[in-house]
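To begin, one chain is listed below as structure tokens, in the form predicted on its own.
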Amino acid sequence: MPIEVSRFTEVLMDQAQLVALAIMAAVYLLKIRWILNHAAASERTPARGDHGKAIRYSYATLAMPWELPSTRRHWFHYLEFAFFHIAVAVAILVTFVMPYWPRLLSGRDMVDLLQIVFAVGLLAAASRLTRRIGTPAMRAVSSPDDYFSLLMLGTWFAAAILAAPQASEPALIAFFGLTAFFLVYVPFSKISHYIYWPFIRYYTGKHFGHRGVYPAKSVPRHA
């Protein structure tokens, strides 16, 4: 059952969250404005494919791991990627539901499900951090922000596991405090890559669709 919390925790779960969200939105609007101020390169050759179909395919590849060599050859990494991002999305949703409709998340089955999702997210974060530290190729392309972000996301998932039952005020403070921190920090970190993702997939689909190579065509194997 949700517990009664102090005024400080109420402010952290409500007003502080909204202020941090407003800061994040303002930074993202500036980023999007900057992106839109740079026109995409125009194609100078005759179109050889369907732009619209190629753009839809470009977006859909996120859910079609068999279409890309990297995910087709490394299914575990794809599943890790999927579960990690699902856990992030669920945790973000919980931060908006818990302050206003806490009883929606108070059932034992719901709490168990949330804790399982967050535990999977924590394991995925630990796996990604371990691979980034232990693989020379990953270390070569990693920045301090990569390590810090994964470490903090793992800590956030751990706090979410403890906060899910809504039975401990320190756990709620840790979870929502880290949430507010991330809302402000993420736009300035490499995690903000997801703001570029829709634009990248659109232009990738448009460019390769124009050339007629998207959607990718299967190549018959010769004996």
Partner chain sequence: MASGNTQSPSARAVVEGFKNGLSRQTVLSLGACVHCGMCNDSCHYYLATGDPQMTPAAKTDKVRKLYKRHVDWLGRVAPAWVGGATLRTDEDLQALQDVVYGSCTMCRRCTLSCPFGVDTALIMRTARGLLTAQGFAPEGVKVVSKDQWEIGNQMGVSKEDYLETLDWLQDELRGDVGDPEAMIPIDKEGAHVLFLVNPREIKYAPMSLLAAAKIFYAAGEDWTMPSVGWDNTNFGLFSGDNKLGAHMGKLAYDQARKLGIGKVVISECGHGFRATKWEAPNWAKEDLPFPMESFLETMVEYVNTGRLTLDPTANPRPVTYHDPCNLARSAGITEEPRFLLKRSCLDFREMTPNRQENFCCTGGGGAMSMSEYAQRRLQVARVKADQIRATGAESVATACHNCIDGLSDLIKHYELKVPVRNVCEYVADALVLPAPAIARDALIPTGLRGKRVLVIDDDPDTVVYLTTLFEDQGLDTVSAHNAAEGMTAARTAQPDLITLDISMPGRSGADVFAKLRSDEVLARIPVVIVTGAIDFRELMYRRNVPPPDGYVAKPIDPELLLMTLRKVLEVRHREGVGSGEGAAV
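As the structure is a prediction and not an experimental result, all values here were calculated from the model. Numbering follows the first chain given and starts at 1.
A second form of this protein, the form predicted in complex with the partner chain, is not displayed here; the remarks below concern that form.
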In the predicted complex, do V27, H77 and P136 all reach within 4.5 Å of the partner chain through at least one heavy atom apiece? yes
Which is the contacting stretch out of 142-150, 86-94, 113-121, 100-108, given heavy atoms within 4.5 Å of the partner chain in the predicted complex? 142-150
Is V184 close to the partner chain in the predicted complex, meaning a heavy atom pair under 4.5 Å apart or at it? no
Taking the shortest heavy atom distance, is V11 within 4.5 Å of the partner chain in the predicted complex? no
Does the 4.5 Å heavy atom contact test between A63 and the partner chain in the predicted complex come out positive? no
Does T71 make contact with the partner chain in the predicted complex, using a 4.5 Å heavy atom cut-off? yes
What residues, if any, in 27-42 have a non-hydrogen atom within 4.5 angstroms of the partner chain in the predicted complex? V27, L30, K31, W34, I35, L36, H38, A39, A40, A41, S42
